[in-house]
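Considered here are two forms of the same protein chain, supplied as structure tokens in two stand-alone entries, structure 1 and structure 2.
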Structure 1
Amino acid sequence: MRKVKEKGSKGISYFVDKYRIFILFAILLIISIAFAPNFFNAFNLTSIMKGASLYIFLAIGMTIVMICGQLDLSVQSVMNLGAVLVIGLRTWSGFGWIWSILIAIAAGAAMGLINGLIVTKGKIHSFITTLGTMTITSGLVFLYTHGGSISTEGDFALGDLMDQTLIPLFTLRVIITVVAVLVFSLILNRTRFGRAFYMVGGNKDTAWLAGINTNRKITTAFIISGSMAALGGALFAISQNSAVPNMGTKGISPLMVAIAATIIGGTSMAGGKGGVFKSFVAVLTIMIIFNALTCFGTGYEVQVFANGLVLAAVVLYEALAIYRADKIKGIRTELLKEVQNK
């Protein structure tokens, strides 16, 4: 009887840990619908989806990088790079929208490649590497824009289309975001290419012995992160018909939201565990918190505090989980019971 109880208790704990983000999302959504003024209406829910879109692109890349056991602090500056490039190339250089978007994505991929090579070939920790490239990229953005904003100067057709609601709650930009989430979720979960990221993050030596080029995989993760950050910034700038060099430096930081969502979604800071779809749900959860607080009339400072509080709680939880896992690693419970019974 005791064994059955222990097994059931362990099962509940495992279920809660595995699906914690979905449980948290459901609880916060129900509370917001019940108590937040003017929360549950089509206009507000569409605003949540639109607001989440930018952060989701950053979270996609952040998730894949963290699955590999690394960290990318440069995503916010790369996001700004993609935003100013797509508007600048269209307005100043006369490029078409497609070429402008592709060049912006290529620039983001180039920054990711630089990050990956420095981490893998230079053997410099990803925190230090991406902190440096974050600063350099921010400087490049300010040089390109001369510190000012860029607008499409009357070319609003694509921007209006991006923010047009095609189906309830979903604009074109949101639909593109959801497609990106589904594509990368399938790649990570259903392909050998995607599962290799988990092997690298779980144990680099084992992955290498299995024939995986670990350096190439880590570099690929940074390239994906840079590409997604630039694409997210580009699509956001197009929908706003303008771009600024310091987007995200005031108010809620996209970098902090991306990191918080990735960890809240269950991606391990130690690597080898996580999922893009869970990070997607985590971003929506954070957006619900921000939106509900706005409905109650609170300011940015309260929203930033709430984001920091949630992040601190989840990081503490994750640190304790890693500590418990390390503590019992290699322990054979059946032998412990034999010792205790003697």
Structure 2
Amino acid sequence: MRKVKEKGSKGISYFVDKYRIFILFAILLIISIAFAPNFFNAFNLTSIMKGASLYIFLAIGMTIVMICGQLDLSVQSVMNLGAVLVIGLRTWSGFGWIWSILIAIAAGAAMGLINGLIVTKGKIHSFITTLGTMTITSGLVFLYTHGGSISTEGDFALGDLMDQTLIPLFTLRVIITVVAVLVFSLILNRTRFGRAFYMVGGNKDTAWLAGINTNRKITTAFIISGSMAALGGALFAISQNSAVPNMGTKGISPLMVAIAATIIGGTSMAGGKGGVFKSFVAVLTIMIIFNALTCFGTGYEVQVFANGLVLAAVVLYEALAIYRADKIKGIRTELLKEVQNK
């Protein structure tokens, strides 16, 4: 039997690779704390997390969908759907908050279900499917609101509660967000149900042959994505006491932030790799960049540029890492020593 050193040795590059998002986060945080005026205080940090909340809900779904090897471009429209429904049902139809929220989530889940069914049964690439449903959902949202926005008409109670700082730094909405992240992290990492998503993304045939209902799994991922997007939109709308039908149709949209964060967090578009918690940290990282740049008083163009640069750097880093790994894959260390000894 040939002698092989135990594989997967944990060198420094391995460490950097595995925890790169945390390192990036820490570096940017420290730089911002050190240099950005008005950055490091409770008020601003809370504000960053409040801002991150919306994107995190999109990123949760995006991450799970990408782990399955799919893509969900409809999250932003679904987010708007959740937002207008929760306020519309409350204000126009007189539902209670609980019901409004539940129906909004259900509507998001329904959109996810449709996405999932088209992708799995219709066998249409998720990029295409969700591009289509994105348009459809946005049409539905406008139809519902007649193109305008909806407000709670002076009912600020729940909105204020959402924005209340319950624990230092954490408002209720942020707490819900963090809980959602933790729950989904736990599910993905520590349950059979969650690991199956990775299997499906890693190799659909393997998963299917192992008895996993891959179609159902992918559909579930889309349902989670849809309902989380709707919930994120709904919570945002509640804390805003109003809902806007067209968020993100211009500028760096929440959709782009969610995709960028998911990638920066290390989830692979090819599927089978990634995690919700990392995406969460990645969203915070992007928010820190935006926030700190505003603190410096730079214009929006610098923020776009910085966002692009980070994204580009991460993509390039990833590509080079794979390139390097490919090059040394299967290298035999005992043979290498031979050269070094010479």
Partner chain sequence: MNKKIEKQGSVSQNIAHEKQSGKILDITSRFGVYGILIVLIIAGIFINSNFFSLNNFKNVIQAGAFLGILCAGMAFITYSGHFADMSAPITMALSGIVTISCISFGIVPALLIGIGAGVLVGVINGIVIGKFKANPIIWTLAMNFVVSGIIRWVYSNKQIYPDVESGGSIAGEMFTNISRTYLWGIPISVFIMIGLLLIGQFVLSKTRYGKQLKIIGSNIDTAKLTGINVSRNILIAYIIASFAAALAGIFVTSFGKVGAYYNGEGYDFRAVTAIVIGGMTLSGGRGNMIGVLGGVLTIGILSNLMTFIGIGTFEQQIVTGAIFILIVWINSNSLRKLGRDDA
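What you see is a predicted model; the values in this text were computed from it and never measured. All residue numbers here follow the sequence of structure 1, with the first residue given the number 1. If you superpose the two forms and keep the largest set of C-alpha atoms that fall within 1.5 Å, you have the rigid core.
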>> Deciding between structure 1 and structure 2, tell me which is the form predicted alone.
In response: 1
> On a core-based superposition, does Val314 travel 2 Å or more at its Cα between structures 1 and 2?
Replying inline: yes
